[in-house]
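First comes one chain, alone, set out as structure tokens in the form predicted alone.
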């Protein structure tokens, strides 16, 4: 009998730069008919527990994940860590360090904006972020509120995007460090949304470093890209994942429901983890 279940393995919540709480995400996923979803906040795992509690009530399987930010050739590269030991205190300590560095970065960006006569307050940025990992989308929201831009995209294009006057790089973690970190906590590392990078330059070095999967299905991937990434996955025996990368509409894009990944890809992910970590 054909398995009609499907999942979305890349969703953000208010614990990073999403607009939905974990409960809202799970309830929305239930309405859309998902069997499983991955909570994959940026450099944070704090929303997973809440999602699991409501998921258990509603019959939605929650896949613990984290989207790690790292730097490769002076560019941000995102690596998803799936099924990692999100309760591990050492992991939480590491992520707390990253989150503190993100606040320092926000402070520097706000300082750069101030030099251009653009005044926003760190306090307001932190209020927008609530309990989440602070990122540039929160600064963009503050710029929007103060009337310096007409939308979030304009904030990135004019002020805080790469090579813009106020841009400040993140805490530097190499892809090698991110891969090792994920594996240390019994997770499966997967390259997130390769379309976001010069993918032909980074995919093959990452394969040599030991990445185990690639996010093939993403709202911004064309049919050409999907075919290209599927071929690479097949050739190099990589796991295939996919997800909406939903942020709840912060950038004017919702995406939840656009990617319906067949459940057997999640089963492959779980099987790989069992093979690598025989004690679980």
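These numbers come from a predicted model, not from an experiment. Positions refer to the first chain, counted from 1.
We do not show the form predicted in complex with a small molecule, though everything after this point is about it.
> Given that the partner is absent here, state which listed stretch (175-183, 153-161, 120-128, 89-97) has heavy atoms within 4.5 Å of the small molecule in the predicted complex.
Of the options given, it is 153-161.
> Against the small molecule in the predicted complex, would residue 101 count as a contact residue? Criterion: heavy atoms within 4.5 Å.
Contact check for residue 101: no, nothing within 4.5 Å of the small molecule in the predicted complex.
> Is residue 194 near the small molecule? Define near as a heavy atom within 4.5 Å, in the predicted complex.
Result no; residue 194 lies far from the small molecule in the predicted complex.
> Decide whether residue 108 counts as a contact residue for the small molecule in the predicted complex under a heavy atom distance cut-off of 4.5 Å.
Residue 108 lies outside the contact set for the small molecule.
> Quick one: is residue 170 in contact with the small molecule in the predicted complex, heavy atoms, 4.5 Å cut-off?
Within the cut-off, so yes.
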